[in-house]
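Each of the two blocks below gives one form of the same protein chain as structure tokens; they are labelled structure 1 and structure 2.
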Structure 1
Amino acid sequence: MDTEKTYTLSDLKLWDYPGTALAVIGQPIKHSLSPTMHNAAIHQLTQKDTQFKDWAYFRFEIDPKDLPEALELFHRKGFLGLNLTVPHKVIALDLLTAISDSARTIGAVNTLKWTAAGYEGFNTDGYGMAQGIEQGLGRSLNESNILILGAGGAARAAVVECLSQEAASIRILNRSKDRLDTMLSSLSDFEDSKSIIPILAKEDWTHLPEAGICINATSLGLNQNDPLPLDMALLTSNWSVYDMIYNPKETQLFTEARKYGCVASTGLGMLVHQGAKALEIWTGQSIDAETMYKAGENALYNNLNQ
């Protein structure tokens, strides 16, 4: 089996890899860094413990309409772990045997673990973001004032993590009211949800704290010509800026934030740490995220851009 290849549902039907298989599934999936990062970590684990020598991590392009059939097949073929990415994170919820509390609150799963009865779902995005912020900005969410840009799946994971880590305050800025309202109502049971301040327009900017962490969880920045998700003049240089986007390496928001004197980072650390946590869930071992980071960084910024 080739871990560089992109497999399909037809390949899955004929799947006969004899070792322990893991995979990321999505659509599109061809450019996912997950196989490179995970196989680097598995290689390192194997050097310490030979039980991992037949483990391998693959990629599958699966259409959302085929997800029920695919998950049933992955389970039957014994895939120990799956990572889910766009567009499967929410639609998979109805296909699982068990769901962790935080994944249920977020309303999305990115990590599945095989059990005899079916797959159990987790969400490691919030954990990955918190680690990425600590690594990239040297800041902790705890007792920080947070400004989250966006109200999609990644923003929901971010808000739940900020609530769990007892951020001092959480402001959420989103373009569309509907999505912001849906997010707020799904979080209303959270004990500390009162600390959330929704923002839809400039008029809503009141009492923005002197310092905090601004997190971009919109898709603005993926394309070179995208406008900035925030007018940087609204923040003082005491704010730190974390852009979840990791390709390009230096997004416009990152560059502008640095110009304004803010500490800033893009999102590769988040991607790495959500993956490392997933591998911990599957292996029961502690994972060296640095190995995954180097593999991801090399594939993304060195090899592909040459």
Structure 2
Amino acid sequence: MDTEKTYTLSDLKLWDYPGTALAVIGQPIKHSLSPTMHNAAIHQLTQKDTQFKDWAYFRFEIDPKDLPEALELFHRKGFLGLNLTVPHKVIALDLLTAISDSARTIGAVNTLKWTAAGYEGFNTDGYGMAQGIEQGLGRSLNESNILILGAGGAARAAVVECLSQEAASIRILNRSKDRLDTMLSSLSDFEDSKSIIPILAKEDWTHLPEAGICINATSLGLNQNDPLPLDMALLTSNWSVYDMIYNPKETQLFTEARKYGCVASTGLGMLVHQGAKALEIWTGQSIDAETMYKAGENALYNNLNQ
């Protein structure tokens, strides 16, 4: 079957792939590089172990209102693993049989593994982000001042990872006070959660550190006409900027950050490392992230030149 096609719920109802199927689901999903990267890694695994020769990774566009029906169908059709992206990471929590401790703490899942009773949920986003930041910015979260844009599932994973990595300070900027309060409440059990500084207005920017890592965990940038998630004039050139969005290859935030003299990177490294960790969960094998990175980079280059 075609692993580059975007499938739908209607396709899932008629699904008859005889091998071991994996998939990413979201809305929108057409932009996802996950099939290209995972299938490259699966091909490499097959060279060492033929048990993976019938494995394949697909892409499904699923409306949030159809997620309960879809997950039931994915399970019945025997999909061993699923990756979840916007907007499914939080709403899937109540549909799972089991949830890992880290995913429960984050309050979002991005990786599901088939069990006889139902899907078990994991979250590999924090790990992927930390690895992506080290790869793309050459910086560590440890003892860094962090500014996180957003308060959704990706932002929660970012905050939890920053707390576990013992960041020097964590500020969260979000336009909605209710959503920000909800996230802060969900993190209240963390010993260091009281050190998190919420930001809602420009008045809250007083005493912003001279240097740090700004992380865009919003979906702003997926569409060409999206506004910038942050006015870069608010940061000094000593800040580094990490945009979790990876497609387009150079987002507006990335371009604007570079104009202001900041070291910047988009989220391909995060996508690769969270995906590699998910594939390790499904296969029980060590995954070569570099193979996935090259496949994703080539796909982005080809998209840019089409």
Ligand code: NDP
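These figures come from a predicted structure and were not determined experimentally. All residue numbers here refer to structure 1's sequence, counted from 1. Rigid core (definition): largest C-alpha set, two forms, superposition within 1.5 Å.
Visitor: Deciding between structure 1 and structure 2, tell me which is the form predicted on its own.
Guide: It is the second structure (the form predicted on its own) rather than the first.
Visitor: When the rigid core is used for the superposition, does Ser219 move between the two structures (threshold: C-alpha shift of 2 Å or more)?
Guide: The answer is yes, as the C-alpha of Ser219 shifts between the two structures by 2 Å or more after core alignment.
Visitor: Fitting the rigid core first, would the Cα of Gly136 be found 2 Å or more away between the two structures?
Guide: The answer is no, as the C-alpha of Gly136 shifts between the two structures by less than 2 Å after core alignment.
Visitor: Please say whether, between the two structures, the C-alpha of Gln47 moves by 2 Å or more once the core is aligned.
Guide: No, shifts by less than 2 Å.
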